[in-house]
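For reference, the chain that follows is the form predicted alone, supplied as structure tokens.
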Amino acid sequence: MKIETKYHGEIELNEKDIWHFEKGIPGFEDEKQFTVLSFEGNEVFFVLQSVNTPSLGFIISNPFSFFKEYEIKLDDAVTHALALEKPEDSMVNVILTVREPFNESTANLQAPLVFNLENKKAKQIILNDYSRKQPVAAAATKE
């Protein structure tokens, strides 16, 4: 199928590349299908693109790229909802708010996106131990 996207124009999308968010994403409960698109020449940032709404695309990234001490513990409700059997079957990303200049960009560590690589189910979860607006630049300078 062809879809229009926020950052990549019209693309061809295979069904196997669609992630299913059973309950949508908080604030976007009607959006249940997304795909993850990469940027050419970039392996750090991706777009979580709605399959149905071309203007809805979130910049996401692996939080462990920036925040080495970041930890999440999935409770039974999440692992059950995603039918997640092993940690290695999962992928975690966080939504970034990208600002200009980039050092003012933040990551939402409080609400990571958890993906089950085996069945293409995904869910945004809420953690109480982290900030919704964690500066990315601060993490990059810690190394």
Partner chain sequence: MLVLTRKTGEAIRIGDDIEITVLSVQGDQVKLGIDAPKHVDIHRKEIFLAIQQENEAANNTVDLTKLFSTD
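Positions refer to the first chain, counted from 1. Small disclaimer: the values here were computed from a predicted structure and weren't measured.
The same protein also has a form predicted in complex with its partner chain, omitted here; what follows describes it.
Using a 4.5 angstroms threshold between heavy atoms, Asn108 counts as touching its partner chain in the model of the complex. Though the partner is left out of this view, Asp30 does not reach within 4.5 Å of its partner chain in the model of the complex, counting heavy atoms only. Contact between Phe67 and its partner chain in the model of the complex is not found at the 4.5 Å heavy atom cutoff.
Its partner chain is not drawn, but in the model of the complex it has a heavy atom within 4.5 Å of Gly57. With contact defined as any non-hydrogen atom lying within 4.5 angstroms of its partner chain in the model of the complex, the contacting residues in 110 to 135 are Gln110, Ala111, Lys123, Gln124, Ile126, Asn128, Arg132, Lys133, given in sequence order.
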